[in-house]
Ligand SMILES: C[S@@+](CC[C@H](N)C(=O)[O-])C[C@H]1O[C@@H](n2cnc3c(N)ncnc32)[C@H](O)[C@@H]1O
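Below you will find one chain, with nothing else, as C-alpha cells; this is the form predicted alone, and questions on how it binds or moves follow later.
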Amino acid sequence: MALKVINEGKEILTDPCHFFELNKFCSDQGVDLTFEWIQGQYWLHSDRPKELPIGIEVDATLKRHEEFFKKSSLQKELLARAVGVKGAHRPTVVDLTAGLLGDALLLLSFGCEVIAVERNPVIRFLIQSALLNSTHPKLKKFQFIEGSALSVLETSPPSQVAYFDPMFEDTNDKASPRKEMRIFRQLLGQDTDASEVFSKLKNLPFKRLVVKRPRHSISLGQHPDVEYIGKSTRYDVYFSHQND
C-alpha cells in the first residue's frame, strides 16, 4: 500500500515529515492514497475514478457563508443557538473533531473564535494545506491544533464551549453517505473513544458542551439538557453547573 503525490507543490508543505506520516498511515492501514496539487493546495483523490477530489476551500466557504448571513438571521441556525450565539455574544468554541472544517468554518462565520482539533494525519494534511492557501480575515480568530481530543483536553485550558461530533455506526444506512463521509468512514472507522471523550468533557468547566448527532440517533452517555433538532441533525446541549 502506498502514498502517491501528483504535481507536488513546491511552495508549501515541503517538510518531509508530512509525507513520512502519510506514508506510515498508508502502510499501517493498508490503503492507497493519492494527493494532487491543485491551485495552491493539496486535494485527496476519491476512491472512485469519476468523482472529484476532496479538499477544503476555506476562503470560498467563508465568503459563501458571509453572503448567506447578509440575508438570513443567525438565530435561524440551529448550530448558532446550540453554542450560545445570542445578541452580540459570540463564544469561543473548541471543535474537537474538526474533520474537513465544515462546522468550524460555519462557527467562524458566526463571529465565534474557533479552536479546531484533528488527530487523523490525512485530514490534518488537507487542513494544513488549505489554511496555508487561505487569506480570509476571519482566520485571525481561528486556531488549528494537531492531536486527539483527549490529549488537547489534558493540556489546554477549556474554552467557553466544547463542540464534539463523533463518528458513530448508528447512522441512517438507508441514505447514501456523502462522498467525503464514505471515504473517511473507510479510513477512520468509528470514534471508539467517543464515550471516554464525552466523560472527560462532562468533568471539565465548559459553560456548555454541544454534541452533534444524527437526528434519530441515541444520546451520547446521558439525556441532554436541551436539544436543537433539524431535518437530519440534532445538537445535544449539556450545561455546566455554572449556568450561562
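Position 1 is the first residue in the sequence shown; the rest follow in order. These numbers were taken from a predicted model, which means no experiment stands behind them.
Just so it is clear, the following notes concern the form predicted in complex with the named molecule, a form of the same protein that is not shown.
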(request) Could you tell me which one of Val117, Val85, Leu126, Leu153 places a heavy atom within 4.5 Å of the named molecule in the model of the complex? (result) Val117
(message) Please tell me which of Ala80, Leu108, Leu96, Val161 lies within 4.5 Å of the named molecule in the model of the complex, judged by heavy atoms.
(response) Leu96
(message) Against the named molecule in the model of the complex, would Glu113 count as a contact residue? Criterion: heavy atoms within 4.5 Å.
(response) no
(message) Contact with the named molecule in the model of the complex for Ser148, defined as at least one heavy atom pair within 4.5 Å: yes or no?
(response) yes
(message) I'd like to check something about Met167: if you look in the model of the complex, is any of its heavy atoms closer than or equal to 4.5 Å to a heavy atom of the named molecule?
(response) yes
(request) Indicate whether Leu209 is a 4.5 Å heavy atom neighbour of the named molecule in the model of the complex. (result) no
(request) Have a look at 85-93, 69-77, 132-140, 98-106 and name the one stretch with heavy atoms inside 4.5 Å of the named molecule in the model of the complex. (result) 98-106
